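Single chain ahead, by itself, as structure tokens, in the form predicted alone.
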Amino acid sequence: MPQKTLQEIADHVGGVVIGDPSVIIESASTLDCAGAGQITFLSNPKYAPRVKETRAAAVLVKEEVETSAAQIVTEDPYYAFMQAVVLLHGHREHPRTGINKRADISELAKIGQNCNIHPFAVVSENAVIGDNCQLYSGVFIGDNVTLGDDCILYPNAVIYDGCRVGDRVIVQSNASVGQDGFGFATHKGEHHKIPQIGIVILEDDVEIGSNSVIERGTLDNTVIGKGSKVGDAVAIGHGTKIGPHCLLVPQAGISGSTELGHHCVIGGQVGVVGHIKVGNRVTVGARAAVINNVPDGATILGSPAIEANKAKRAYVLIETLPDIRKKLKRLDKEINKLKDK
């Protein structure tokens, strides 16, 4: 693991050192756990008291704070911390195996340069794999799939036939991209399967979490926009359009033909009904149920989801509802007595 001086890290992240710039940093950790030779960060002001107690050698901060640790002052401490972690620890290194003889690759497939394809991966007819891709064991690439450069598909990831995947896309283990959408026509009490003739398009720099499912479109394509990140166990319905740079937290569910704008954040276990439009830069709190169109910039909570400040006031009242009910019943009785008189 490489060691860096505090000044080298500051130069790398574009920050200013307060304290000894020659301090040696070996690794990164949290405010509570960091110790000698480690760097940490403060991005949320509510954790500022912990900076005074941290045993870290250095802290990344937005402005100078009271602490015995050295500091790097930078505009975005969390982003700077990410840069520092990459500098000190790097990303996961993938073994250079080349194409394993136990991989099942169609003669009609095209494989780019410097790819590593592990045992029991399958690449089907007319699939095109870009340069520098990593396909781990159990990966399945269907017919006519196109995969861009520098993609990583972890064990048992599946890309169904015809889907298009951009550059630098990561698909975590057991995720499924392009499976049939949940489309059925009910006639005389029986459910008849509707052919799903669209595909899934994952644009550049998308990441799909483990056990997530992205359905192909019934008629139109399902699209995950550039730079969007989909967490574990997320379900995205057929024909849905996710805009660029969205974050979908684990266990969210987006129904078919829904449109999300850019830079949306969808909390854990959120449910979004189909055929609605969610604007740009919308934040949806965990476990909310979104049943109507949402305007740009909104923050919503609850089930059904409403504007966040209204939702907070409403939920504060819930624990007092039994007392309110008793008071109303008592007032009702008093009013009836007055009427009798």
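Computed from a prediction, not measured in an experiment: that's the story for all the values here. Residue indices: 1-based, along the sequence shown.
Absent from the display: the form predicted in complex with a further copy of the same chain. The rest refers to it.
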Any chance I194 has a heavy atom within 4.5 Å of a further copy of the same chain in the model of the complex? yes
So in the model of the complex, is a further copy of the same chain close enough to T30 to count as touching (4.5 Å, heavy atoms)? yes
a further copy of the same chain contact at N116 in the model of the complex, heavy atom, 4.5 Å: no
Any non-hydrogen atom of L108 within 4.5 angstroms of a further copy of the same chain in the model of the complex: no
Only hit among I199, V169, A235, A127 for heavy atom within 4.5 Å of a further copy of the same chain in the model of the complex is A235
Can you list, in sequence order, the residues from 156 to 182 that come within 4.5 Å of a further copy of the same chain in the model of the complex, counting heavy atoms only? N156, V158, Y160, D161, I170, Q172, S173, N174, A175, S176, G178, Q179, D180, F182
